[in-house]
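Take a look at this single chain in structure tokens; it is the form predicted alone.
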Amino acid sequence: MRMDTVIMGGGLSGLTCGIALAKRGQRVAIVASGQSTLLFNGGSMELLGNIDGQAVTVPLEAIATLPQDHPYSKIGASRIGQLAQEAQSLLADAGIEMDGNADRNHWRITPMGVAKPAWLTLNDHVRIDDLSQLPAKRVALMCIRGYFDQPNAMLAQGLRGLGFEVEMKEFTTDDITALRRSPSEMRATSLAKHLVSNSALQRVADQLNSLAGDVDMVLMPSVLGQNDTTDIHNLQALVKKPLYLVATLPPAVAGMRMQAQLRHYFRMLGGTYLMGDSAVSGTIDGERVTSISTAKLTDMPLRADHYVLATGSFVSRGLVADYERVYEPVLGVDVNADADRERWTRFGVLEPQAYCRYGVATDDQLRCLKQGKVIENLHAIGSVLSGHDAVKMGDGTGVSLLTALAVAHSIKGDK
């Protein structure tokens, strides 16, 4: 199979890069093993949330201070604002409407009720622009009876700590009660599949309206809209008070919807999405990759002018660690990681962990290195890159989006 570009990995970075290239007329194939870490996304994108444990207010200013090995520094701090705008436009084109801008972070609410800095948040999810000026004072937190993927007491406590007056209410409907016959059905994704009809949404709205009382805002778990936002908008129209969603523990409906929307948009642009497959090996001739073999296309290697490694970090097995080393399993490109295994981790779950910064080594154009030499037609994007800690820095989704766009520009020869 001959393409212009083959992308290994179908998560946020791979899909973003694929869409950007397909929009420019390229023939692009994405090799995707299945669900990505978007499954854990609660509806927000972070550009840069923290530096040395301190929340970042103005990300573009903070990005200019990052070390040279950070992916943003390799892209060029002066380009970040433009790429951020391009990323937001690309998401909107795919049907993912998000509020926010790169000039100033807002605050998203985690399932635990913690406020964390964010760059973009889905329009239907609760967000706070300024912690000193809350969007509402009195809030009704609607808890679904039998649904355990939202720690309601912790969420309420966290919201109260931010200054909200919170009334916790519990509700159910006949549709939800039917699901409770099997505990495994009381997940966000199952609820989203059942709460789709107008009658089911009306029953939920009746419950919310009867319980809301004299509050300024109604909050409920993000268990609607697995395919698009129609169900969410319909429910918002039926509820008399302003209604917003709160992120739940994974699996996250919002993240699954975003992945489905990006995948659909990529295919609509003519992209080839090889679902349920994975890159297993590749051939390198001199300083160029000549083909990629996958688990399913055993006798038909993928050939292209350009290749992009978007396989993710340890969770997605884009990086693998054994008792002796950390390595990249597809092409064996160089990895920035400590040789001494004792230095991979530190005692204390809240301490910065060295392995979180491990990843593929690249040059300033995000081209991969092998034995210290640049592979001219192989780029790396997203969480497979080294030089940043997405957990501590709150930059994982931003790195995925912006490195994907930067590499797409590089492949097309844009300045």
Partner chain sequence: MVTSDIYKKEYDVIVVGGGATGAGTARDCALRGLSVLLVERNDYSTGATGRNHGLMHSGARYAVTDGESASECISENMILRRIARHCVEETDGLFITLPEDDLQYQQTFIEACQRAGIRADRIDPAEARRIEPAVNPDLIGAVRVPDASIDPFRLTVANLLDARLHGAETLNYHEVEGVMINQGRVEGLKLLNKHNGEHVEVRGRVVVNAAGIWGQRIAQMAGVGISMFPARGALLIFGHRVNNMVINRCRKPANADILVPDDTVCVIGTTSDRIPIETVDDMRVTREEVDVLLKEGVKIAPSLATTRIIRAYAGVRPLVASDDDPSGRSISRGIVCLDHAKRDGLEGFITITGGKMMTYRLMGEIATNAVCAKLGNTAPCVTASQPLPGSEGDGADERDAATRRYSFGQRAAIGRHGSLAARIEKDNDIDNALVCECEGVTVGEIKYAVRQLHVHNLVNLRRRTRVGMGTCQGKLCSCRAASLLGELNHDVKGAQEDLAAFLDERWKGMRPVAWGDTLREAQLTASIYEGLCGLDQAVSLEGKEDMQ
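This one's a predicted model, so the numbers in the text were calculated from it and none came from an experiment. Residue numbers count along the first chain shown, from 1.
One more form of this protein, predicted together with its partner chain, exists but is not displayed; see below.
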* Looking at 277, 175, 124, 149, which has any heavy atom no more than 4.5 Å from its partner chain in the predicted bound form? -> 149
* Structure fact -> Within 4.5 Å of its partner chain in the predicted bound form by heavy atoms, the stretch out of 359 to 367, 372 to 380, 57 to 65, 34 to 42 is 34 to 42
* **4.5 angstroms heavy atom contact with its partner chain in the predicted bound form for residue 189** => no
* Quick one: is residue 100 in contact with its partner chain in the predicted bound form, heavy atoms, 4.5 Å cut-off? -> no
* **is_contact(residue 200, its partner chain) in the predicted bound form, heavy atom dist at most 4.5 Å** => no
* Contact of residue 153 with its partner chain in the predicted bound form (heavy atom, 4.5 Å) -> yes
* Members of 378 to 396 lying within 4.5 angstroms of its partner chain, judged by heavy atom, in the predicted bound form -> 391, 392
